[in-house]
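In the block that follows, a single chain appears as C-alpha cells, in the form predicted alone.
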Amino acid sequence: MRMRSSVVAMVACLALPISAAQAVELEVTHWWTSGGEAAAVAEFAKAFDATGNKWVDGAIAGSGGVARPIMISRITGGDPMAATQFNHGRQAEELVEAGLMRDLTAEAKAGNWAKLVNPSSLLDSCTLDGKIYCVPVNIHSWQWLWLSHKAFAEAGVPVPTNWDEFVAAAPALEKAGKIPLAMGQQSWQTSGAFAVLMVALAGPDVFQKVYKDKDAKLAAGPEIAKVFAAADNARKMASQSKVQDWNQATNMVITGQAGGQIMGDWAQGEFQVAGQVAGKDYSCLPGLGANEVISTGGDAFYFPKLDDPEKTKAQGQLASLMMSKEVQVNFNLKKGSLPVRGDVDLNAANDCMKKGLAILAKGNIISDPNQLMTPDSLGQINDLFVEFFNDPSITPQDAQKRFAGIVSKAE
C-alpha cells in the first residue's frame, strides 16, 4: 500500500507543469494594510503568481515608520526578504552603499526605464554612482484636501473650494457636531500636513528652499510664520480628532463625521473601497485649492542580494513586471496614485486622479521631503509637529524657532 502511494505521488509530480515545478517563492515586505492598499498590492501579487512563481506577502502593520526599522534590521542582520518597499528618496541609501541591495541596471536598460519614467527624478532617486537599485512603482502626492459632501450638507454650508473657505466653515461644522479636520496621531501625518500647508500658502519655491537648500533664515522668516499660523488653525480644527491611523481619519471623512482631511492621494483607495464617487460623495482639492501642484513622492521596491540564483532571477522578473504597462495601470487605479510610466492610458481614472494627471502633464511638480532630507532630519521634524499638534501651550512662534533650528542642521 505504501509503495502504491509512492508511485501515485511520483506520477502526480511528473504530471505537474514545468513552471509549477520550478516555481520560486519570493517574500515581499511592505506596509500596505488598509483596505485600499491591500486591494492595490494584490495586483502585484496576482501578476507575479501568473508567471508561475509565488508572491509571499510580508505585510507589516503600521506606518512606514514602524515597518522600515524592521525591514532594515532583517537586511543588515542576514535575514533579507526578496523585495521590500521603501519611499522614493534616501531611505535605503545606506543599505545600497553597504552593498546589500541588488543592482537592477540590467533590468532598467532592458525595459527602457530611463525613457518611460516620468518625472525622471523618480529614477534618479533609485540611482547611485550610475547604477539603478530600485524600481519606482507610483507617484504619490501629499498635496490634497479631501472633503466630505455629507458633512458640509449637514452643517448647512457649501463645500469649500480652498483652504481659507475650509477654515471659515469650521464653526458651522463644529455646531453640527462634526470635527472640522480629521487627523491621525502619527507624527508623519502632522509633519506631512505642515509641508502641504507650506507649499499651498507660501509656494513651491519657498518649500524647495527650506527642504532642499536647508535655508534656515527663510525657515525663521515671515513667510514661514504665515504657515505656522495656518498650522495653528489646523491643530485647533483637529483637536477632537482622536484616531491613530491615517485611514481611520479618512473613514471619518467618508462617513461624514469630519469635514475634511489633509492627506496624500492614497486616501483615494479608501474612498473607492467604500464605494464613494469623486465629485458626488467627496471632493478633492489639489494644493488645498490655493496652489495646484503635486509632489513626486511615492513608493519604490528594492531587492536585497540573495545567495540563490533562482530567487535572484525571479527578483529580476518581479522588478520588470512592476514596471510593465498593464501592472502599472491595475495597481495605480486601486492605489489612488499616478503611474510612473508616462505612456499609460488611464481612461478609467476618476475625477481626482485626472486632476493629478493634468497637473503632472503641466509640469507643476515638486520633490517629496523624503527626496530632499535624510530620514534622521525628517524624524526630528516629525517629532516637532506631533508635539506641536498635541500641546496647545507650544506657540507657533516657539515651534517655528525650533523648526528653523532643525533646518539649519539638516542633511
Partner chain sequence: MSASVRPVQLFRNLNAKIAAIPMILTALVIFVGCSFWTIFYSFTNSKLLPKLKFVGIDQYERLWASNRWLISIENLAIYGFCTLVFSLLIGFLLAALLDQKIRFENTFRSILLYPFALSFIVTGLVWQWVLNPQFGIQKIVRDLGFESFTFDPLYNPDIVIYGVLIAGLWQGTGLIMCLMLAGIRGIDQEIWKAARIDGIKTWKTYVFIVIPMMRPIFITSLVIIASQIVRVYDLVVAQTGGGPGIASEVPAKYVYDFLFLNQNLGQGFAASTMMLVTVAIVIVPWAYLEFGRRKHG
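Everything quoted here is computed from the prediction, not taken from an experiment. Numbering follows the first chain given and starts at 1.
Here the subject shifts to the form predicted together with the partner chain, a form of this protein not shown in this document.
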Contact label in the predicted bound form: K175 to the partner chain, heavy atom within 4.5 Å | no
Heavy atoms within 4.5 Å of the partner chain in the predicted bound form: does K242 have any?
-> yes
Find out whether any non-hydrogen atom of A153 is located within 4.5 angstroms of the partner chain in the predicted bound form, and reply yes or no.
-> no
Report whether the minimum heavy atom distance between R402 and the partner chain in the predicted bound form is within 4.5 Å.
-> yes
Contact at E94, A98 and N390 by the partner chain in the predicted bound form, all three, heavy atom at most 4.5 Å = yes
Partner contact check in the predicted bound form: of 68-76, 318-326, 297-305, 114-122, the stretch with a heavy atom within 4.5 Å of the partner chain is 68-76
In the predicted bound form, the residue from G379, G52, G35, G342 with a non-hydrogen atom within 4.5 Å of the partner chain is G379
